[in-house]
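Before any questions on binding or motion, here is one chain by itself as structure tokens, the form predicted alone.
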């Protein structure tokens, strides 16, 4: 089985990757990284103690569509999706970020949403 993670170029993306890595180690599973950044991940950021597959975002594909397509392509493998969440103001808490909301509502697997400590 595999833990999937959506990695953005932000503190939330780094937190999501760290949590997904910890989950993969705990479960004894692989790690499927959906790189949503404009540039490839730095080699130092890619865990070496679990089986890792990095999938780069295709140009012109919306990030939510990329992650959902990746989950669909690996539906028999992925057991958990990990995403990062930004802290919200009291008003902002009424409305999640559009990507977060899309993935929470549309993913066919359990979703672990993490925030920066």
Partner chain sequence: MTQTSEASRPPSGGVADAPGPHRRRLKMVTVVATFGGLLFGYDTGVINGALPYMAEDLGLTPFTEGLVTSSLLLGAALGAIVGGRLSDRRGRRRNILMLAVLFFVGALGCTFAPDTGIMVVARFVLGIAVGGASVTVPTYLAEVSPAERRGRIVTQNELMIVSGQLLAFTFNAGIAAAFGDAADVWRWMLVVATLPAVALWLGMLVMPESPRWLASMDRFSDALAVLKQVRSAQRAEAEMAEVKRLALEDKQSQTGGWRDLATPWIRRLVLIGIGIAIIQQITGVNSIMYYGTQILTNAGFDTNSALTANIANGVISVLATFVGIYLLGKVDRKPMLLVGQLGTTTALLLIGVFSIVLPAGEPRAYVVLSLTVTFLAFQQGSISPVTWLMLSEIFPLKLRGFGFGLAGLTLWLTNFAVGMTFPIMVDALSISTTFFVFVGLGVLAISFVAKFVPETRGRSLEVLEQELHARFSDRPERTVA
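No experiment lies behind these values; they were computed from the predicted model shown. Numbering follows the first chain given and starts at 1.
Below, we refer to the form predicted together with the partner chain, which is not included among the displayed structures.
A.B. asks: With the cut-off set at 4.5 Å between non-hydrogen atoms, does residue 106 touch the partner chain in the predicted complex?
C.D. replies: No.
A.B. asks: Do residue 19 and the partner chain share at least one heavy atom pair within 4.5 Å in the predicted complex?
C.D. replies: Heavy-atom contact with the partner chain at 4.5 Å: absent for residue 19.
A.B. asks: I'd like to know if residue 40 sits close to the partner chain in the predicted complex, meaning any non-hydrogen atom pair within 4.5 angstroms.
C.D. replies: Because a heavy atom of residue 40 falls inside 4.5 Å of the partner chain in the predicted complex, the answer is yes.
A.B. asks: With a 4.5 Å heavy atom cut-off, would you call residue 78 a contact of the partner chain in the predicted complex?
C.D. replies: Judged by the heavy-atom cut-off of 4.5 Å, residue 78 is well away from the partner chain in the predicted complex.
A.B. asks: Three residues, 9, 45 and 99; all within 4.5 Å of the partner chain in the predicted complex via heavy atoms?
C.D. replies: Every residue of the candidate spot has a heavy atom within 4.5 Å of the partner chain in the predicted complex.
A.B. asks: May I ask you to choose, among 74, 53, 27, 57, the residue with a heavy atom within 4.5 Å of the partner chain in the predicted complex?
C.D. replies: By the 4.5 Å criterion, the partner-contacting residue is 57.
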